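Starting off, we have a lone chain in the form predicted on its own, written out as structure tokens.
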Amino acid sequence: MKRYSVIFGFLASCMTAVWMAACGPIGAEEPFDPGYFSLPEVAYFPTQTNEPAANPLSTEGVRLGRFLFYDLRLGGHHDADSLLSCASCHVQAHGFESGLDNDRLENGKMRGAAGFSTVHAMLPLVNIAYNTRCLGWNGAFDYPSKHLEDLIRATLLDTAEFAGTVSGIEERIRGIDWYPPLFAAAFGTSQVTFDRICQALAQFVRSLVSHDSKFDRFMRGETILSDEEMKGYVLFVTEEGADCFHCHGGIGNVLFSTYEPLVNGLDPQEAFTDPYDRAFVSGQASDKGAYRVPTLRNIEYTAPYMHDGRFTTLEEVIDQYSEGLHYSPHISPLMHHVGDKGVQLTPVEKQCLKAFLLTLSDENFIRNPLYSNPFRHDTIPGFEEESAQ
């Protein structure tokens, strides 16, 4: 009997060990797994992104960020007019730019939560994950020393934008019953912190990838450009044509921006009066009047244009670079035609160039339900009565 007792005891020990290995200690939490989120695989896109190791993309992180992006409670909450979300200014239908019909648009700038105007016009939130140079019109957030998370943090606290405070934003988001579970799913703990709010927002913004314009389909061999569009493309990528490619890419750079700050030939009497240009960041006199090159993707949707929102149509922008350039001592050497005040396009060439620029419009991007207001589509117990953006 003693022999059998030893055998049964041994077997029981083995079974217990197997059960504990499979199930874990009694009372242990399930392993934290927010789910890996991968950006679309685009063969001709860069492989490097600005995703920091401390905030990797995850399915649950992007989902949480999407809710926060559309949540009006991020505003300073001083009064009814201060109700503000990221989507109040970055509208999907306008390529996550303000659009000309935005109620908060005033003279090319946006009115923030506290009623003040922003320093510069909006920049579209598109393919931000692939920008490994700098963020913002003046490039104040240079990669890799600073990240998108830092820009979001500054935006939420800026008195001209969200006019919020760390404690105030945390308190409002923490007070919504269904938010802590979303934070737990994204970060492994239900604790709502300002840093995690910024991280989740950054994850959602990085997920906004535009890669299905007519030009993209042309790149993939799925369609061809019309004669007019092709002539515009040739103009775009040649120095003797419109000479756009040095700053905006097009050959080997399908992001359509180098993201470099430069002086681009605006009237110095106007552009050089801004105290928050690139020189504000670098301290270099040569950067006076310099601004980051914006992407041209979805340019059809993203008016107003330029750092101060001075232009409302593509025709005005094309005219500026065709015959409206101004020389200044520190103008970018890439502006090869400044001596002639521009590239001097004919009316037909301008029409062809615009036709090409319109091939960069991605209707699927501005209609993608994964980027839309989740308060209208998602389902979380308890939030059905929340006001939508």
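Here the structure is a predicted model, which is why all the values come from computation and not from measurement. Residue indices: 1-based, along the sequence shown.
What follows is about the form predicted in complex with heme C, which we do not show.
Participant: Note which of Ile299, Ala129, Ile173, Ala163 lies within 4.5 Å of heme C in the predicted bound form, where distance is taken over heavy atoms; exactly one does.
Facilitator: It is Ile299 that has a heavy atom within 4.5 Å of the partner.
Participant: If you check Arg196, Arg292, Lys214, Arg73 against heme C in the predicted bound form, which one has a heavy atom within 4.5 Å?
Facilitator: It is Arg292 that has a heavy atom within 4.5 Å of the partner.
Participant: Val42, Val62 and Met219 - do all three of these have some heavy atom no more than 4.5 Å from heme C in the predicted bound form?
Facilitator: Not a single residue of the candidate spot has a heavy atom within 4.5 Å of heme C in the predicted bound form.
Participant: Tell me, please, which stretch of 187-195, 220-228, 278-286, 144-152 lies within 4.5 angstroms of heme C in the predicted bound form when heavy atoms are compared?
Facilitator: That would be stretch 144-152.
Participant: Is Gly250 close to heme C in the predicted bound form, meaning a heavy atom pair under 4.5 Å apart or at it?
Facilitator: Output for Gly250 is no: heavy atoms all beyond 4.5 Å of heme C.
Participant: Contact between Ser332 and heme C in the predicted bound form at 4.5 Å, heavy atoms?
Facilitator: Ser332: yes, in contact with heme C in the predicted bound form.
Participant: Would you please decide whether Leu357 lies within 4.5 angstroms of heme C in the predicted bound form, comparing each non-hydrogen atom pair?
Facilitator: Answer yes; at least one heavy atom of Leu357 falls within 4.5 Å of heme C in the predicted bound form.
Participant: Find out whether any non-hydrogen atom of His120 is located within 4.5 angstroms of heme C in the predicted bound form, and reply yes or no.
Facilitator: Residue-level check for His120: yes, a contact with heme C.
Participant: Residue by residue through 256-289, tell me which have a non-hydrogen atom within 4.5 angstroms of heme C in the predicted bound form.
Facilitator: Heavy-atom contacts within 4.5 Å come from Leu262, Asn264, Leu266.
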